[in-house]
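One chain comes next, on its own, written out as structure tokens in the form predicted on its own.
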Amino acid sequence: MLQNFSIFNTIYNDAPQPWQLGFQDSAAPAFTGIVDLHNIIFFYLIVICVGVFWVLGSIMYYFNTKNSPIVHKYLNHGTLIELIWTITPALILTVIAFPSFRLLYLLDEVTSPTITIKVIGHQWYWSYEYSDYVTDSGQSVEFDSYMIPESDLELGQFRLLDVDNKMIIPVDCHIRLIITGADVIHSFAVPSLGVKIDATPGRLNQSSILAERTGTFYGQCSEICGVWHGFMPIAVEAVSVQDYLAWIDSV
């Protein structure tokens, strides 16, 4: 009943907004971890900046020519302060390193994938191959995904982001992505799912995603790949398992 009131409805930010400064809303544990790490490091950054500017301001105020007219010409070493500004950054970097490496190794881990999807970057579109399924002709389920031209956009579709064929995935399932390029280096990036991996010709890169909620998540090629680099968007639609099975049965 509470969902009938707009104040209790959650509106997710799964597409970039004009002049957006913050992150998109997370739809995967990987991106949640990335945002949490960013917030932790940003806290240390604020503390360091406050300390540095306080020291600089204090020096400028207390040791200017008016307040401190005596110049210590031969005072050019300070062992204690040198130890402090050498050891303290090392300790801070050590503290930051532990959660950073932990998240890095977790992102590289592929946990018992339910589905494997091969993603191929072309100039200038994407191809998706669901090798776990075959059609009536015995071929793998595969299709190309092109950006919808601005003249063909319908109400509610995003300019430069919506495509004619979205990559469909089920929620709460581990998906393994095998990513490569057919011509030049591309980069498959979907911020809300916490994935960004290069599509390199002649090489297979592997990544894993897990969508925690339904929705359509947008991304773009993040490696300059030619004149139409900005016109090969990515659209990933996460649906329920029942809807996913119905979709895969229809293709």
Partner chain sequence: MSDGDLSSKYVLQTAGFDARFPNTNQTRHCWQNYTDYFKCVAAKGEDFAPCKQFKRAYHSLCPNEWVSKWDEQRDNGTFPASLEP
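Numbering follows the first chain given and starts at 1. Predicted, not measured: the structure shown is a model, and the values here were computed from it.
In what follows, reference is made to the form predicted in complex with its partner chain, a form of this protein that is not presented.
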task: Examine residue 116 and determine whether its closest non-hydrogen atom to its partner chain in the predicted complex is within 4.5 angstroms.
output: yes
field: Interface membership of residue 197, its partner chain in the predicted complex, 4.5 Å heavy atom rule
entry: yes
task: Evaluate residue 178 for contact with its partner chain in the predicted complex, applying a 4.5 angstroms cut-off between non-hydrogen atoms, and reply yes or no.
output: yes
task: Using the partner position in the predicted complex, report whether residue 108 sits within 4.5 Å of its partner chain, counting heavy atoms only.
output: yes
query: Which single stretch, out of 139-147, 153-161, 92-100, 79-87, brings residue heavy atoms within 4.5 Å of its partner chain in the predicted complex?
result: 139-147
field: Sequence-ordered residues of 214-251 touching its partner chain in the predicted complex, heavy atom within 4.5 Å
entry: 241, 242, 244, 245, 246, 248, 249
